[in-house]
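Shown here is one chain on its own, the form predicted on its own, set out as structure tokens.
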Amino acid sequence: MKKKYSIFNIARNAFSNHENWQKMWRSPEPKKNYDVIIIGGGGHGLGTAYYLAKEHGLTNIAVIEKGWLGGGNTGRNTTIIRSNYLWDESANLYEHSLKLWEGLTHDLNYNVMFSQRGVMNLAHTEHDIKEIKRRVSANTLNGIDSKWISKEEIKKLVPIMNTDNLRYPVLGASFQPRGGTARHDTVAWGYAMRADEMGVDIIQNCEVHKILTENGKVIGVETSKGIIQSKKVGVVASGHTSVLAESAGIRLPLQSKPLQALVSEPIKPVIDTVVMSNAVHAYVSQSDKGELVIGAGTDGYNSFTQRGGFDVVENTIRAMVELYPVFGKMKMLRQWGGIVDISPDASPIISKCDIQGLYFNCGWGTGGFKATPGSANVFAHTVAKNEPHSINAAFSLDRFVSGKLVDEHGAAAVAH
């Protein structure tokens, strides 16, 4: 039975102190065999299962998550959504995702709290100006809403910004009005609920130890709950994808590092857009609860810790106080790190591999959350059809052999 959310259901359940809501999804024990196994219960993995069921008619699917749904990178990011990437291949992928974001609440009948408050990328040097204007021009050619705005326009949009500071003078910025933020938990919950309704088994607290292969074909996975068989396995395990790939004899060109973020105490509304500074990798938005959500850079070494180094946070806070002096006396409530997997060209890998029936969706660096619906949609096509969707064809593993890279280090705003 489809679980519906409306003002009438909320009012009706209020009379029972909201104790009679249906569970959002089942917690089944794994079956012995599935048509498809998706490893990773974040937004990308759950979304893949949802689109496999909705668009390709596959329902005998298991999503296997070692912890709880959305407990990995889906819940450990700064929730920024934009599509203003430089190269055509990236722009098409992220714009596809942004269009899906715009209709996702209606599609899932579940409010993902997508707020199109706009995303601004600051220019601090002459080089920044040239690079950002080049990107704006490329975006315009691809039909993406992106424009150059002056320092005076920035000041009107963000009055608290110190645009004349000496360390990071603000000379202008790109601005994408359709960009914004969403609530990370709701994305995972919405996809999980609708996938479960179509028969997908969502198996939590079940760690995959090994991908099993035989004669060049995938035959299943070995988990903490035993061996589960399948002829198709999609790996969407963010920073741990390379570890699982090695268990199948595949070496992926990835580095895994903690990406830092932190949240302040709640305050009254002071900033109603997203502001990014590529030069210092410091970006900020304000949540609905009033907290400042601040993004920092990656640690300078490979690690699987979900906290990261305080030196990165310290450098980010220095830049924040320089750009926004009003933040100087604020207290930070919590800090965390998401494990990002970074490919050589800072673009994702959405691809099948030499082992028949084994597929990878990884290498998103700092761009994973914004790509969630688009990534899941094209990955589902790749798994179902055993061939790439036209949108993700450029992001195959073969590009690291052919040299046809999609170098997005600048537009990805990755400080490495």
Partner chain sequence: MLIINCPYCGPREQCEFTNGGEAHVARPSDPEKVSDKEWSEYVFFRSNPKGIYFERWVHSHGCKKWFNAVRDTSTDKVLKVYEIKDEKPSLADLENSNLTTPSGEPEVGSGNFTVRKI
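Remember, it's a predicted structure, so these values are computed and weren't measured experimentally. Residue numbers count along the first chain shown, from 1.
We do not show the form predicted in complex with the partner chain, though everything after this point is about it.
- [ ] Using the partner position in the predicted complex, report whether Ala346 sits within 4.5 Å of the partner chain, counting heavy atoms only.
- [x] Because no heavy atom of Ala346 falls inside 4.5 Å of the partner chain in the predicted complex, the answer is no.
Task: Partner contact for Arg178 in the predicted complex: the partner chain, 4.5 angstroms, heavy atom - done: Flag for Arg178 set to no.
Task: His184 within 4.5 Å of the partner chain in the predicted complex, heavy atoms - done: Result no; His184 lies far from the partner chain in the predicted complex.
TODO: Determine whether any heavy atom of Phe400 comes within 4.5 Å of a heavy atom of the partner chain in the predicted complex, and answer yes or no.
DONE: Phe400: yes, in contact with the partner chain in the predicted complex.
Task: Region of this chain that lies against the partner chain in the predicted complex, out of 108 to 116, 208 to 216, 330 to 338, 161 to 169 [heavy atom, 4.5 Å] - done: After filtering at 4.5 Å, what remains is 208 to 216.
Open item on the list: Is it true that Lys66, Gln255 and Phe304, all three, sit within 4.5 Å of the partner chain in the predicted complex, judged by heavy atoms?
Closed with: Every listed residue reaches the partner chain in the predicted complex, so yes.
TODO: Identify which of Gly199, Pro325, Gly300, Pro266 has a heavy atom within 4.5 Å of the partner chain in the predicted complex; exactly one of them does.
DONE: It is Gly300.
Open item on the list: Can you pick out, from Asp311, Glu126, Asp288, Glu152, the residue that has a heavy atom within 4.5 Å of the partner chain in the predicted complex?
Closed with: It is Asp311.
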